[in-house]
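Heads up, the chain below is alone and in the form predicted on its own; it's given as structure tokens.
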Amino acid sequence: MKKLLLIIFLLTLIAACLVGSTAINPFAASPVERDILFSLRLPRVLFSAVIGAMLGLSGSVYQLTLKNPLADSFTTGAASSSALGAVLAIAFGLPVALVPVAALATGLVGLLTVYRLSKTNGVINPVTMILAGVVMNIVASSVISFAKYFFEDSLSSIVFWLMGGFFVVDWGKLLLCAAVLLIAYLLFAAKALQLNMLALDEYSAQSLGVNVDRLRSLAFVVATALVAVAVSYTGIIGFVGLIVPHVARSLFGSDMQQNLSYSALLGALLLVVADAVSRTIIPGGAELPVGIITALLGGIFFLYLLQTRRERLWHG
């Protein structure tokens, strides 16, 4: 199954590089088409794969540590609070290098606020967490709306950015995001066994020597860093972290030693396909923001989860 998934992913990457406003025949490509392929299409497709892997991986960790199958960067408020920092950085004209830093700072503040509001007597209430995430989304959205109103000079760029997409991609951004993804994945992989213990029972994990608070804090910070970096470069691309972990658990089980890699791979596959659709669905060369496609898919999937949420969502 893993080999089949890898083959599908590689074929999808190749196909995504060849489709778009101008279809490219790799066996009869003109010099201009080769330039489009290697200078524009290839880095964009690889970038969408990396961002999808970041969002899928973060969603898997959020759902595990919060013990909530409806948790992801969007429903926990991490994405909107990260977007708030990025929007303010753009509005105030801060250097591009500081945009991810601002996104990470506000993302951590938003997620920790939601986490504290959802904790009662040391136990996380999943329903309260979702409600707190909704409130955080509302608060962040209101501040973002104020920024759009007050900073008129940055309005068009802010609105365009909030839709979510891969409009400006270069190899530097790709390498930076790939490095963040690799570091985060290695950290989670090293803690996979402890994360499995945390998923079963906190008290049992503590009795086995796991520092639950430290592990959960580390997971929150690293997962939010993934979201913040992704949001700072692509805008809000919601619900990838909600859909992918469920599919990974259904196909490959709940063991985090396997689920981490499959969530990252499926997230990359989903976003590569969504980006390819966004570049081809509108005739005439116009592009549909990727965030619109993932929001539509995620909204439908979210309603499905609300209707059918059962223990099998965790254990297949």
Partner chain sequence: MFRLLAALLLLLLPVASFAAQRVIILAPAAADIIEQLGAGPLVVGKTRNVLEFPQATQVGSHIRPNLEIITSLRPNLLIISSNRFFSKEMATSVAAEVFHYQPNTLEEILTQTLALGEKLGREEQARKLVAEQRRKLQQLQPLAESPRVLYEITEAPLTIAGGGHILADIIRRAGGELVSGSQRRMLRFNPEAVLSLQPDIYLWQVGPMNQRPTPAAQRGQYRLLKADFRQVDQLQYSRANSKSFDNTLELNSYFRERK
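Residue numbers count along the first chain shown, from 1. What you are looking at is a predicted structure, and each value in this text was computed from that prediction instead of being measured.
Omitted here: the form predicted in complex with the partner chain. The next part is about that form.
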query	finding
Contact segment among 217-225, 176-184, 77-85, 142-150, judged by heavy atoms lying within 4.5 Å of the partner chain in the model of the complex	142-150
Partner proximity in the model of the complex: residue 26 to the partner chain, non-hydrogen atom cutoff 4.5 Å	no
Exercise: residue 36 in contact with the partner chain in the model of the complex, heavy atom 4.5 Å	yes
Heavy atom of residue 156 within 4.5 Å of the partner chain in the model of the complex	yes
Any non-hydrogen atom of residue 91 within 4.5 angstroms of the partner chain in the model of the complex	yes
Any residue of 259-292 that, in the model of the complex, places a heavy atom within 4.5 Å of the partner chain	279, 284, 285, 286, 287, 289
Distance trend in the model of the complex - C-alpha atoms of residue 287 and residue 96, change of 3 Å or more	closer
